[in-house]
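In the form predicted alone, a lone chain appears below as structure tokens.
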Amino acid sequence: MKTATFALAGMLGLAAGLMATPGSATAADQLVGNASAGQSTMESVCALCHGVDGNSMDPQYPKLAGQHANYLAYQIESFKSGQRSNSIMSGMAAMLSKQDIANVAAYLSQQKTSPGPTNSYEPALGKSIYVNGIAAAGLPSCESCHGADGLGDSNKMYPRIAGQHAQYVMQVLTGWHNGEAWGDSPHAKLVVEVAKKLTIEQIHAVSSYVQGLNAGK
């Protein structure tokens, strides 16, 4: 984790400065999103799982509110292309044009993430892993990529994870721990190697800590 851990969206989301970021298109290649149109698409396509403002009520679905627009667009495009596979998201993404995706990403990036409950499972362990990593396992900390407040880095495509549902973070990290990669980009491969170094107890602890990070910023 000081080399990325979640990609939320996420996240939960990795080797800063050493690897090319996924889908690193030039500014000229990126569509400008219309947040108003994106809200309409959210209401008609995405709200059932993720909420109208991107703050999902069901913890199995990630919160998307406040996520970096470029990161969101990349992940939705990955579902659309089949690089990432999910029985629900693959079908939903297939319905969206590139402009729809840019619009939704623009809208969600402007929303405010709802705060998650204060971490309750092994808080000291979760904080230690997030802030310090685990030297004995060769595991760097989460905050080197996601920041002390979990706000991520848009320029490096490190997702915002503050306030994300602990259940969702656990699902993602456990999947990576078991070797389930999100495509074949350098980031996708790296997070699998990172998660493999965590025990299930450590995944639970750090997921709980992430949920309790201040999401109001």
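The structure presented is a predicted model; accordingly, all values stated were derived computationally and were not measured. Start at 1 and count along the sequence shown; that's the residue number.
One more form of this protein should be noted, the form predicted together with a small molecule, which is absent from this view; the next part is about it.
K.L.:
Quick one: is Ala37 in contact with the small molecule in the predicted bound form, heavy atoms, 4.5 Å cut-off?
P.N.:
Close contact is absent here: in the predicted bound form, Ala37 is far from the small molecule, nothing within 4.5 Å, heavy atoms only.
K.L.:
Answer yes if any heavy atom of Leu96 is within 4.5 Å of a heavy atom of the small molecule in the predicted bound form; otherwise answer no.
P.N.:
So Leu96 counts as contacting the small molecule.
K.L.:
Would Met89 sit within 4.5 Å of the small molecule in the predicted bound form, counting heavy atoms only?
P.N.:
Answer yes; at least one heavy atom of Met89 falls within 4.5 Å of the small molecule in the predicted bound form.
K.L.:
Applying a 4.5 Å heavy atom distance criterion, does His177 contact the small molecule in the predicted bound form?
P.N.:
No.
K.L.:
With the small molecule left out of view, which of Gly66, Pro62, Gly150, Gly33 would have a heavy atom within 4.5 Å of it in the predicted bound form?
P.N.:
When the small molecule is considered in the predicted bound form, the option within 4.5 Å is Pro62.
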